[in-house]
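Read the single chain below, which is given as structure tokens and is the form predicted on its own.
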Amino acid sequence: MGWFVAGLLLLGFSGVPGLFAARSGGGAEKLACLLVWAGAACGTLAVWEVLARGVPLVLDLPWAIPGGALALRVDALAAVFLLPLFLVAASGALYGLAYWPQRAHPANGRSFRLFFGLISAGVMLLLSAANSLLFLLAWELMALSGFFLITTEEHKSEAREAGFIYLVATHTGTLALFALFALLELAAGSLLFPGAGSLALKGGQATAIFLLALFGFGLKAGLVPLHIWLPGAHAAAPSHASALLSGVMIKTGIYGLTRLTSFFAEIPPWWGATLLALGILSGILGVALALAQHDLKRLLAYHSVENIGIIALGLGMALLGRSYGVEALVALGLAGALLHVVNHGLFKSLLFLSAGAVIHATGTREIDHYGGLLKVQPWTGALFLGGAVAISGLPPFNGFVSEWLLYLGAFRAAQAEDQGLVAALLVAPALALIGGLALACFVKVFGLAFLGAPRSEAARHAHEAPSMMLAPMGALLFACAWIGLLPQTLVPLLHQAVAHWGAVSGSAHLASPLAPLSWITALAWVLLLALALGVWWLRRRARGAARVETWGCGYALPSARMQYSASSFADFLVRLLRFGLWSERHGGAPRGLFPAPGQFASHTPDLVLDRGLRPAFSGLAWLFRRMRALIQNGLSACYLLYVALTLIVLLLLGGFF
């Protein structure tokens, strides 16, 4: 446990020395990076000890707060969530030296590094907390640090608005968690977390606990319709903070749901069915909204909503397996969900860091202002392409492996005779639809940003990212490829995590459902070899060929504005999905033999925030302003009337009670 505590302290205090350094100096940022790396290394050693010994690390110290205890417990389930944290935090710290250097950001560089370290430590503490009060303390540390990261560029109205929405959302969720842990304390008799499978189901109390958890943790995870804070926050934060928020922080909501459901001995079927429904809704709506975006980082943020939906599908499937006693379904659903937690942490961080390299070179997040970047940013383009292939669920990268486990779970549900597992059959078509739309979305992004001709002067004069930014991206892509090519190496971790969830006894029950991973290893290597041969053959044929401008379909004078735009590329699919997107369309195709110049653009607001909550709160604000003008009218007679009415009401209430 010593390594874990040392890592926690190193991460938490990594930004403190910089507060005492000069604003223009660069030594403090290097020291902060070194401390983050040391903290991540210590944490990784602790997790390795857990996995090697197969026994959780435990720390239990007295605490002055009534009912609380400094109780830490690091088991395999927490280890699954901790591993991406260490890699993403270390990558982000190194990346930030070139992307967000102190000399270029003297006003906010020091505070950014302070809260970058604090949020990493907050997540680490939360994932190891075994006491409700300690969990809530870590939750608030993480939430407030996230707010300051999102509002790093507080001089921008977009960042202030995103931070305000995030703050309202996260504290609404925290209120739900306060009620949840109060009920849990009544059920368990202590603020310490109960053991796996130790709580008996008690009707309404268990239902209230689950619904509160779904709301509180679902808000943090970004499940639809609770995702309202996520797109704006991830877009407004600096890219290496977006990687940490999207790749790691939102998974604490998934961790909360996974840990809480492990406490119960029995799981009602409707719990799993509810998570399946929310997973399908989040997956499809998230990728559809991503497809309609023009802002690169908002597009990636909506893909986080989509991938949280995929994780919810796996968790819902596992809950259904527990309800009906199908251990293979539990193993495949939970292993698929947990592996996708790791995978999403890796490829989404890679994509956000790649997007940061593009924004660093062009100065804009608008996809329509890119074009032809592969010629000037070949390494960034290749790394982004690797992340795009991984998130689209294609081999030989890691996204394919976790989604394949979920497909196997759906097929296993189809073989079961129990009618209650019919809902799990929906996982396969939902995953297929989500994967197809995600592939279309990343074809759009890569084609518009990296291929074709530059659409702006900024894209024309863009430059490759420095090696300090490319190296962390390369490490993340290597990790994605490692899991895609050698998924068997993670099987022991998944075995232990599923066992700690308390539903499947014995590794023999887990070995059989996860056996197809060995076939994936073989097929992935064959595919990689075929790809390498294909690239070698194409490069050999292209040797000596003349280099010309991008093909213009026979037209002799093509220009950059004749290319597809972000609106026109996705227009077909957006129109197909308009029943759920409600996109606004402006302009259209020119018509007639001699058409006038035309323009086309589309805008897709968020269905919940922009179409629902903003109009509702604007209406309430108007109503309250009218009421205030009516009540506070400056007439003394009216104020005396209020006093008299209040007195009468109090007298009546006094007589009644």
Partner chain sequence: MAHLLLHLLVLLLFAPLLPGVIARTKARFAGRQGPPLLQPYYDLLRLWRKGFVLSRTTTWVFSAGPVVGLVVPLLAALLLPFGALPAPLSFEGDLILFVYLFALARFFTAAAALDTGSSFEGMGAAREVTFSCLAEPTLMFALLVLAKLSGGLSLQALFGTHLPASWGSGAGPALGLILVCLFVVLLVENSRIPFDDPNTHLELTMIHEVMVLDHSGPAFGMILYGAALKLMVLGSLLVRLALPWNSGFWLFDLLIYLGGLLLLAVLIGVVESVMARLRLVRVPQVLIGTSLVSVFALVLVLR
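None of these values were measured; they are calculated from a predicted model. Numbering follows the first chain given and starts at 1.
As for the form predicted together with its partner chain, it is not shown, yet the points below apply to it.
Visitor: Out of A107, L175, V168, A414, which one falls within 4.5 Å of its partner chain in the predicted complex, going by heavy atoms?
Guide: Exactly one listed residue reaches within 4.5 Å, namely A414.
Visitor: Looking at F442, F135, W501, F210, which has any heavy atom no more than 4.5 Å from its partner chain in the predicted complex?
Guide: Partner contact (heavy atom, 4.5 Å) among the options: F442.
Visitor: Give a yes/no on whether R539 approaches its partner chain to within 4.5 Å in the predicted complex, heavy atoms considered.
Guide: So R539 counts as contacting its partner chain.
Visitor: So in the predicted complex, does any heavy atom of E403 sit within 4.5 Å of its partner chain?
Guide: Flag for E403 set to yes.
Visitor: Consider L408 of the chain shown here, and say whether it contacts its partner chain in the predicted complex, taking contact as heavy atoms within 4.5 Å.
Guide: Flag for L408 set to yes.
Visitor: I'd like to know whether K202 contacts its partner chain in the predicted complex, with contact meaning heavy atoms within 4.5 angstroms.
Guide: Heavy-atom contact with its partner chain at 4.5 Å: absent for K202.
Visitor: Using a 4.5 Å heavy atom cut-off, which of 182-190, 572-580, 315-323, 243-251 contacts its partner chain in the predicted complex?
Guide: Within 4.5 Å of the partner lies stretch 572-580.
Visitor: Along 529-546, which positions have a non-hydrogen atom within 4.5 Å of its partner chain in the predicted complex?
Guide: The stretch touches the partner through A530, L531, G534, V535, W537, L538, R539, R541, A542, A545, A546.
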